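Below you'll find only one chain, the form predicted alone, shown as structure tokens.
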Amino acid sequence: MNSFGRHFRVTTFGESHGPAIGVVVDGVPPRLPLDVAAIQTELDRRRPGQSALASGRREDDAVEILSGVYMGVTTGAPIAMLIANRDARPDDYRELASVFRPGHADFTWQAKYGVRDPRGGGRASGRETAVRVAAGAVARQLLLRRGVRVLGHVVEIGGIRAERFDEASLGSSPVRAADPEASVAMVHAIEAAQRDGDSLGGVVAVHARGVPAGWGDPVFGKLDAALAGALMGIGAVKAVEIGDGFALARLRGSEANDAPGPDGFASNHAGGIQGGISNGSEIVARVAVKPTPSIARPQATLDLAGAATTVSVRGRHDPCIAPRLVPVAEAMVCLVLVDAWLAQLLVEGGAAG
């Protein structure tokens, strides 16, 4: 599937080393002043080539808006956005076209479709997430008008955990960790893995503040289920927690329950969602990010004929995906929340009628 959302619907297109990638966003209300610079700011946070800790691919990720906006204001028509691939190197993958890279979607894509784009993984590449960030930046502008703020950060890399949250330090951390001491240790760990021709995984947390009670639907339309599906839809993500997640399995009910009071809930073990509906507390989600599968160390694999072989993946790859995944995770949370808000407006409109 290449489309996401019900009321705020996003469709992405393009391949990693094709001419361009793009997104069409349908369902944006009219008369919304759209800040294109703010969209570009989000793309700049995700783009490659920012440091020695990221992919060396040099893309400016300059967004071009093709439709749906007139004189800086949304018209209600679909918004189409395009990002040119200016530093594509498809020839880098010529030798990889006949083998399956371990940890990638090469084998499964071939099994499903009988054909695949070997140039950096085609649609399965992390390159596709750039346009998700662009769409999420539009959703973010809507949410800000409602008073909702979404913030992500790295909480763990290579087993090194952030022990405190200093939001002011996020802007100076090369790994987007809010713990300055842990940030330094994380950088050293990534550099060590990089020297070994290897990679590291991590954990990213996303917080949504200002979400009112009542967003989300019970049973099959739960807000936490939508968030989990959206975040698991990011290629490098292998697990999602809402609130205290797996830690709740080790508590008693007397410890895990969030007691409501006149000034809000006394705790937030549920991560701001109960019964699939937001309760007004901060929404908290965490994702486990696997180590980058493209590594220089020799790995056992198969070729297209099914024969055993080995492969070493050279080229421009992130030694740890987690830092650049932060704006992607934020974007997916924004998309889910704006969809839930638009759905709630329909409920409230129906009740008023």
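Everything numeric here is computed off the predicted structure, so don't read it as measured data. Residue numbers run from 1 along the displayed sequence.
Below, we turn to the form predicted together with another copy of the chain, even though it does not appear here.
Three-residue candidate spot L82, G233 and L248; every residue lies within 4.5 angstroms of another copy of the chain in the model of the complex by at least one non-hydrogen atom. Contact annotation for A38: none of its heavy atoms lies within 4.5 Å of another copy of the chain in the model of the complex. In the model of the complex, another copy of the chain lies within 4.5 Å of some heavy atom of S278. In the model of the complex, another copy of the chain lies within 4.5 Å of some heavy atom of S254. At a distance threshold of 4.5 angstroms between non-hydrogen atoms, V184 is out of contact with another copy of the chain in the model of the complex. Residue-level contacts in the model of the complex: of G76, G210, P180, P174, one residue has a heavy atom within 4.5 Å of another copy of the chain, and it is G76.
Looking at 270-294, the residues that come within 4.5 Å of another copy of the chain in the model of the complex, counting any heavy atom, are A270, I273, Q274, G275, I277, S278, N279, R286, V287, A288, V289, K290, P291, T292, P293.
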